[in-house]
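Single chain ahead, by itself, as structure tokens, in the form predicted on its own.
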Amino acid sequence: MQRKFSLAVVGMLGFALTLTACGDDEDGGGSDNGDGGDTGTSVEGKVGVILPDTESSVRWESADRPELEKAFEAAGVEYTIQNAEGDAEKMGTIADGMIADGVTVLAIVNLDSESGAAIQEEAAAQGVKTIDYDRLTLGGSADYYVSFDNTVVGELQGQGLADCLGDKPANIVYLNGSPTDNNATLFSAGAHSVLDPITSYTVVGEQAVPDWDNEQAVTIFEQLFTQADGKVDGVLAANDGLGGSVISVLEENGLAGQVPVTGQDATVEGLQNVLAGTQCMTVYKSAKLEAGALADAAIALVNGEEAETTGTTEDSEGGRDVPSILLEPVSITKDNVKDVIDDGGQTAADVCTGEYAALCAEAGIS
């Protein structure tokens, strides 16, 4: 997919967002500060956010939800956040309920573009503004798209794998994300743009994993590994969950730590694997920054204003350029895992448990 945007802003680590307030309950929130008092600000209107699932990545509930809650609470905006649990029909039902309940802005992480576009069409018919969060809905009608530069995510993964492999001859397997997720297409394209020109590398297998399902990923990688007669020197895994699936198969074959594996999301498991040397790298996408950008865009819409954007992203199916807020991802290796902890992406208490305590100490994490 051709990208048409300019990235004019947004350094990652150390970026200051004043998102300080306590959260709310699982299904919604308000404009008070958690103890019945007022936050000091008030925004007319209500924002609904629908997260996609709890299986493709732990980030949606462990990172995005709490950061979104903080951002909306800090802004004094009424909100509701629900999770579709991987069910497109359920997402549609949730959206209908939110619209009936009076949301004026609806943000979704689509499960597929077709169902996402249908939700946005219904919202527009009811006068509700929509935002694509993290994933672009192809053929949709979102007013804004808030995400990271997902082609750059793939480029970082490709470069990370190349750095771990060096210029020696190597057989590579790609384990891509869900074919219904436009981001997965961008990740793969970015990785290929880096790795394909390296003539010493040979692609010996490539397959997408439906719905980012980690259990299916194990089976798929086992098949790709067998088809390559076990001669796999590196794996471009699209996120930490898929990377963990690959590592489990490599462990069974006595190759964990010998075959570089990439990832994404800087999850607790991913960071632990990076520290242990069984995963080459991961990509950090600050939930604090993304949630803050979504909150800013949503609040602008609630107030009848235009959001500040960094450019546009081409929707090839819809034939339009979507106003976008795109943030820069960061490559994480063993040398800078500490940066994720320092930025609040994960906590040392979660990452540095058991056998990982000593590895954290070696990495300067306390």
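Start at 1 and count along the sequence shown; that's the residue number. Because the structure is a prediction, the values reported are computed rather than measured.
Same protein, other form: the form predicted together with a small molecule, not shown, and the subject of what follows.
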The small molecule in the predicted complex: contacting segment from 332 to 340, 293 to 301, 51 to 59, 319 to 327, heavy atom within 4.5 Å: 51 to 59
Contact residue in the predicted complex, from Y144, Y284, W212, F225 (heavy atom within 4.5 Å of the small molecule): W212
Contact residue in the predicted complex, chosen from Q82, N183, S115, T104 - any heavy atom within 4.5 Å of the small molecule: N183
In the predicted complex, F72 touching the small molecule (heavy atom, 4.5 Å): no
Touches the small molecule in the predicted complex: D134 (any heavy atom, 4.5 Å): yes
Heavy atom of D149 within 4.5 Å of the small molecule in the predicted complex: no
Distance check, Q279 to the small molecule in the predicted complex, heavy atom within 4.5 Å: no
